[in-house]
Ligand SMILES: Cc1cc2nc3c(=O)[nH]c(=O)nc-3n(C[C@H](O)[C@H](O)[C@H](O)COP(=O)(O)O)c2cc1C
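Just one chain follows, in the form predicted on its own, and it is written as structure tokens.
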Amino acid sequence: MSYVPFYDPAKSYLDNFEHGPFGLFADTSPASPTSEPKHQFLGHPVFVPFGIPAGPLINGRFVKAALDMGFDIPVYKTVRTHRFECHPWPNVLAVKVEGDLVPDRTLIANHNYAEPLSITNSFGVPSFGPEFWQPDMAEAAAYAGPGQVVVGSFQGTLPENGSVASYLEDFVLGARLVKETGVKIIEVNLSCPNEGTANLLCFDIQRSRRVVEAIKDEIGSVPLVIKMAYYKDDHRLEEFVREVGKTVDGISAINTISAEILDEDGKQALPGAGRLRSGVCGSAVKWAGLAMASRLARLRGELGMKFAIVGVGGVGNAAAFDEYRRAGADAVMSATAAMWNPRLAEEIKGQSHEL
């Protein structure tokens, strides 16, 4: 890899949080615009509809650096209504995938980060408390220059008593706390655990509808984006879009594809209970992200809806950005490739044919 990653997988999450970002992200300054923004994302002008999704931008310093490096739609990592600890290190490992990654594969992980780059990440959606992230997110949102907009991401947390009402209340409280920061766009992570019948909230369609309706009632006119996982079944995806598509303002897809992760000795690579399986992102999931963008665009047209589509997964160069735009994505984001190539936004602005 030609650059130092801005999130260092050799360090713990806390080390990255306290001392990062690294590489070119460590010493940035705002660029002076030389033109007017030519694109719109959910009502906000942007120079290029490209950014970094929730995940690697773990605090305001990371978000500010992303803005300085030309990622015009950065997402402040998913937060919770209370402190939530990170999984033990390691949290990021390289995985070797031959071709496209289909669900339910077993992969071997190591520390050899090489092209074509795919990784597994296992953090558990850690969060500091609102007393830290509210002012930090507010400062990051205010830092955005002309042609840029910061998205604030959050999710609900399962209550110990398993109460659905308490679960919904936590989502509403999270939405209220994020709105108070002044971010112009809010994202809720539905590709997270759910106490219902599905292991991801976005696969529990009726509960997803209740969650997004409750959030939208709380945040009013602030645009709401939902982050979801890959849907294998077309009929279920259509049902999901029918239930939530008229409430939300945007759909971001995909998050990751789950796989069993082993080390080179055939043992569980990520220590701790519940970590045999982990999400995989990077070049190996590009096919799934592109497919979802195309399917969501088709459903949006057929159902007469207006939600924006954010395409995520395997975007490592300008050609991939163009593919997503042609598939119907209104905005495109990159996490894995952007971590190792902080100049990715700059390259897309100079090379893309879809701008």
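The first residue of the shown sequence is 1; numbering continues from there. Since the structure is predicted, the reported quantities are computational estimates derived from the model, not experimental observations.
Although not depicted, the form predicted together with the ligand is the subject of the following passage.
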Contact check for Ile119, Gly282 and Val285 against the ligand in the predicted bound form, heavy atom at 4.5 Å: yes
Partner contact for Ala335 in the predicted bound form: the ligand, 4.5 angstroms, heavy atom: yes
Partner contact for Phe123 in the predicted bound form: the ligand, 4.5 angstroms, heavy atom: yes
Non-hydrogen atom contact Gln148 with the ligand in the predicted bound form at 4.5 angstroms: no
Close approach of Val63 to the ligand in the predicted bound form, 4.5 Å, heavy atom: no
Segment that reaches the ligand in the predicted bound form - one of 25 to 33, 295 to 303, 66 to 74, 310 to 318, heavy atoms within 4.5 Å: 310 to 318
Stretch 239 to 260: residues contacting the ligand in the predicted bound form, 4.5 Å heavy atom cut-off: Ile254, Asn255, Thr256
